[in-house]
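To begin, one chain is listed below as structure tokens, in the form predicted on its own.
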């Protein structure tokens, strides 16, 4: 009896999969892009791509999904994809954020990867909508030459396509590429194309079928420091006595062209713009407001070359490493600070408590290869759960500190390939009974009481062996 039932369930699943794939393939067939404009910003080592798509429904059925396709070489470096839709007309236009999720399509050519944009309202037959897409790429600029001397400028390669890779037919498209300076060694010409100042224009191109691709290579000067945090471990310890202690351990590397030869401090100090133009001299960390007890140290000890500026809205910590970082050089250091608990810990209507803190790296214009956030809850906390606005890996640990009996629960969150746009808030929920706050004072009071009783007993007991 069970075999026919399982056979019917399998057949139903297959039919559902076929219908689902047919619906998706039909949405690919009856959608087209009447106009596409792409702007690629190469000013820093984080590549910012702004894509404006005017999508039309030329079919007879409504659709609620628009697909973006990326070559597999870009997906490996894709940090984030965001999409907005334009609503209204003329001066009353507004932008509404849309959900974007990775997805798969059958028979994807050349292993292309897809992201689905879910429209707020289905796009009916004959209607059109304008989508604003932003995606960021990391580790996408390749230094060439790979090694440079202290007095040389940093040149890099950037690889892309003059045509937008899309599963839809594009009637008209144009690509603009902005370089950090006017020094461009070479770039691939795909007519029509031209360069003026710091901008390279490809297009406009007319009537290109789906999955059109035309590789281009741009060789240009980029002296911005390639600051990459290989690993960042942030520990946020909650104390219900009124303090939030944050400790951040950094492993920082300059991921640009490697330094060759001998470093000259004299030349660097006398002419820093010529000798070490791409070096990393200082870092700027944007910390929460009302920060206190800030310290910055490495393996040797405290580093005094730091400046803290605070106001009612933010705190900025400008730090200088012990030595300027050239390509391939690393630095490890620790930043620690305290915060008032009432600014970040709140209670829900069902008597649960939650921490509202910032995810991501406080250092500006840096790429984080791996970020680990550890939220240490007070001893006695139960039912922990984390809410993060993007997918992360989560698990629980236990940490023992002073006067702990059962240990403190630690909520661990890990994510790779982060950029400054990931600096959004997350929440950690848990339940806690105030009676547990008396555990440590009672332990201290009991210890002092037992010590006092032992002293009194020692003074009143005669341990001599004579009468």
Partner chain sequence: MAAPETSTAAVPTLYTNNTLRNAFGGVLSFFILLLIGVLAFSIRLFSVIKYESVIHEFDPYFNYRVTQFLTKKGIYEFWNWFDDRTWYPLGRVIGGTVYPGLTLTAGTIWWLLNSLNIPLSVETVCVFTAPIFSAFASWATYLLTKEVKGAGAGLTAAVLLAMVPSYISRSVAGSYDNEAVAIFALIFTFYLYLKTLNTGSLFYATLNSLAYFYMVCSWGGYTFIINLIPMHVLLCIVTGRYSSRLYIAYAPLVVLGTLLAALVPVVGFNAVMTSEHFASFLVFIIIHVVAFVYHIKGILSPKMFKVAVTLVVTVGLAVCCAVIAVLIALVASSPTKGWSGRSLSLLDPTYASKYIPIIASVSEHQPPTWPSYFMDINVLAFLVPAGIIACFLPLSDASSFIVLYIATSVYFSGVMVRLMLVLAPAACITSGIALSEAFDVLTGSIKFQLPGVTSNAEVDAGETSSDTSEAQTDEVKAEKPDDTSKNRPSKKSKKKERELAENPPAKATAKAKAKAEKKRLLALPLEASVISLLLLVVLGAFYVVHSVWAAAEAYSAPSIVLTTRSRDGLHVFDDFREAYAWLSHNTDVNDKVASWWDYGYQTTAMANRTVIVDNNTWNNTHIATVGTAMSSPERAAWEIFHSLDVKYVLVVFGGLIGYPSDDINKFLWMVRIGGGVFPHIKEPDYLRDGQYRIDSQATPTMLNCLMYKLSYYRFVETDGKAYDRVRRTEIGKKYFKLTHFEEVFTTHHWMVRIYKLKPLKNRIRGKAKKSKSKTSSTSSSKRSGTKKKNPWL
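Numbering follows the first chain given and starts at 1. Please read these numbers as outputs of a predicted model, since none were measured by experiment.
Just so you know, the form predicted together with the partner chain exists too; it's not on screen, but the next bit is about it.
Residue 197 versus the partner chain, in the predicted complex: is there a non-hydrogen atom within 4.5 Å? Residue 197: no contact with the partner chain in the predicted complex.
Would residue 322 count as a contact of the partner chain in the predicted complex, using a 4.5 angstroms cut-off between non-hydrogen atoms? Judged by the heavy-atom cut-off of 4.5 Å, residue 322 is in contact with the partner chain in the predicted complex.
Does any part of residue 331 reach within 4.5 Å of the partner chain in the predicted complex? Heavy atoms only, please. Yes, contact at 4.5 Å.
Taking the partner chain as it sits in the predicted complex, is residue 269 in contact with it (heavy atom to heavy atom, 4.5 Å or less)? Yes, residue 269 sits close enough to the partner chain in the predicted complex that at least one of its heavy atoms falls within 4.5 Å.
Counting non-hydrogen atoms within 4.5 angstroms of the partner chain in the predicted complex, say which of 293, 342, 312, 304 makes the cut. Contact check passes for 304.
Heavy atom within 4.5 Å of the partner chain in the predicted complex: which of 394, 239, 103, 264? Result of the distance check: 264.
Quick check for you: of 295 to 303, 168 to 176, 111 to 119, 281 to 289, which stretch puts a non-hydrogen atom within 4.5 Å of the partner chain in the predicted complex? After filtering at 4.5 Å, what remains is 295 to 303.
Residue by residue through 161 to 192, which ones have a non-hydrogen atom no more than 4.5 angstroms from the partner chain in the predicted complex? Nothing in this stretch is in contact.
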